[in-house]
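Two versions of one and the same chain are coming, encoded as structure tokens; call them structure 1 and structure 2.
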Structure 1
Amino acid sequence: MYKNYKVLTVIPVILALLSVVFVSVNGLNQSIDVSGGTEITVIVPNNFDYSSLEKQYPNVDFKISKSSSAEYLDIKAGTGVDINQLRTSLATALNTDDLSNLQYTEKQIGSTLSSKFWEQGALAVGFAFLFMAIVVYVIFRTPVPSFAVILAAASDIAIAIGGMSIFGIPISTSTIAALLMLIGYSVDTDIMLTTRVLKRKSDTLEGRINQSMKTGMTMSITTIVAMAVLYFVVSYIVPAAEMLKDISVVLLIGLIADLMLTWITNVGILRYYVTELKKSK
């Protein structure tokens, strides 16, 4: 197996590159946090038929969410939709003169604020990577292991965004927060692995890798199980908390990718660095 580790090392990176290509072709949905618009949530009668609203507003996203206590209609409309007309149509469909008589919430985000948010979100991710790269290089003072840590984090993000594109998860405040958390999870296991492999001398290389893998896999699998539980709870018990569902899915995809990037790619790079590159100098 070790003879083929160089081939295995590049497979997760190829997956990350394919994710980038897929996102560039398929695109990424944007929530109203990013694109601007209006989000309405209203409690509706059981088995509420909103097909007439869908026909009247083909560019508006309608979605029913059910919990044990109520049924919710979530409406997401872009900035080009006449919101006053949409409110009137919704009130007519629900047989009321005033939506405020119902359990009703509405959130509006203007296009200027949403574009500002998009700029700030991109800056946050960019600065996170920049300072992560500086800290990692200061810790290890060698370019190859530092590059491996940054490559793993960047590939995790690329695969997570690819998963968002496949499953139609929109880029929003919550999913950007999930991507930032993913950088932390990724760097955590990669730095633990790199520190034990490069700085500990009390065991063989394989022994240090195996010990790191036991600790790192336990950390990652614990978080994966927690995110899976969160996903099922939000899906079947509190569906109105869709933001938590998006966060859990993004982290699940990224953490599963991180298992490959850390324990195949990063381990392969470190094994090559210790057994071949470092000895040749």
Structure 2
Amino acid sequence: MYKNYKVLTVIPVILALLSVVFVSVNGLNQSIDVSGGTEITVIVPNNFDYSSLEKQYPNVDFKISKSSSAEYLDIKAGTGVDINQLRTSLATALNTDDLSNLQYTEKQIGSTLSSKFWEQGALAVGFAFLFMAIVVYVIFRTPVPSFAVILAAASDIAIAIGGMSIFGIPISTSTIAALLMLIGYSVDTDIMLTTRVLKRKSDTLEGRINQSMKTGMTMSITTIVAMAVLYFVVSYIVPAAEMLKDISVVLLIGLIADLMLTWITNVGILRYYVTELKKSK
């Protein structure tokens, strides 16, 4: 086991690389933030029949989701659909003359905004990552441990995006927010680990790693549990608050990946750094 740690170290990174490949093949679902268009969610009576709407608007997606107390109709339309007409048909189907009297929400993204999405999203994540990397280097001022922290964060993001691709979670402003949050959470445990291993003088290397692991696991598990609860409560009570749901899933995937990246990869690199690299100098 001890001898094999170098092999183990690489496995999560390979997983992250596979995830990148998978995303580039499978692609990501696009929310209307990316494609432009309109998304409407409205509470409908139980067993609401929307087949006539479906027939009338073949290019529009209709989906029913159920919560403990109500049924929601989710409508996603591209930029080519006449929204005013769709609203009127929907109001007629629901026997109302004003949709805002119902439990109704609508989001519209124009093409000028959506066309800038990739550019702005990539800039935000890119700069966030760059700033984080600079701060990490300033904190430790040694290349190898800093590199380990940054590698772990990058792999977490890659695996989280891979998870989004597998589970069909669309890329949107909220999932970008989740990825930024993931950078923060991912680095927290790595900084703790690296500081303990490099700065604590007492105890053996193994002892320091084990102690860090106890702390780090508590940190990660509290966050994982909180996100799992958030996910289930939101899906169960208000499926319409999709933003919170998406954020919690992306963080869940990323944090579970982070357990591997921190306690296998980052620990492996640190062990190598302390036992071999530093000694040989």
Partner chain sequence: MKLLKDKKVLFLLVCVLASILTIVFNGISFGVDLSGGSTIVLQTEETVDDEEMAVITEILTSRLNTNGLSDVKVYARGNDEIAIEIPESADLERIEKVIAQQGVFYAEISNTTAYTGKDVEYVEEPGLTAAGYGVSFKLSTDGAAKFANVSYGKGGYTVNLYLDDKLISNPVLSPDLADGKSHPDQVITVAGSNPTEEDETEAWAIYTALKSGSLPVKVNIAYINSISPTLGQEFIKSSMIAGIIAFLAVALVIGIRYKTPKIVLPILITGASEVLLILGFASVIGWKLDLAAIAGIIATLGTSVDHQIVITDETLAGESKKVKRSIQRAFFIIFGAAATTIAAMSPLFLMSIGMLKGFAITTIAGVLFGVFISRPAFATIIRELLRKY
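All residue numbers here refer to structure 1's sequence, counted from 1. Note that this is a predicted model, so its numbers are computed, not measured. The term rigid core refers to the maximal set of C-alpha atoms that superpose within 1.5 Å between the two forms.
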Q. Which of the two structures shown, 1 or 2, corresponds to the form predicted on its own?
A. 1
**Q.** Core-aligned CA displacement of E206 at least 2 Å between structure 1 and structure 2
**A.** no
Q: For L130, decide whether the Cα shift between structure 1 and structure 2 is 2 Å or greater, given a superposition on the rigid core.
A: no
Q. Using the core for the fit, does the CA position of L94 change by 2 Å or more between structure 1 and structure 2?
A. yes
Q) What is the C-alpha shift for Y104 between structure 1 and structure 2, rigid core superposed, to one decimal in Å? A) 3.4
Q) Core-aligned, what's the Cα displacement of Q85 between structure 1 and structure 2 in Å? A) 4.4
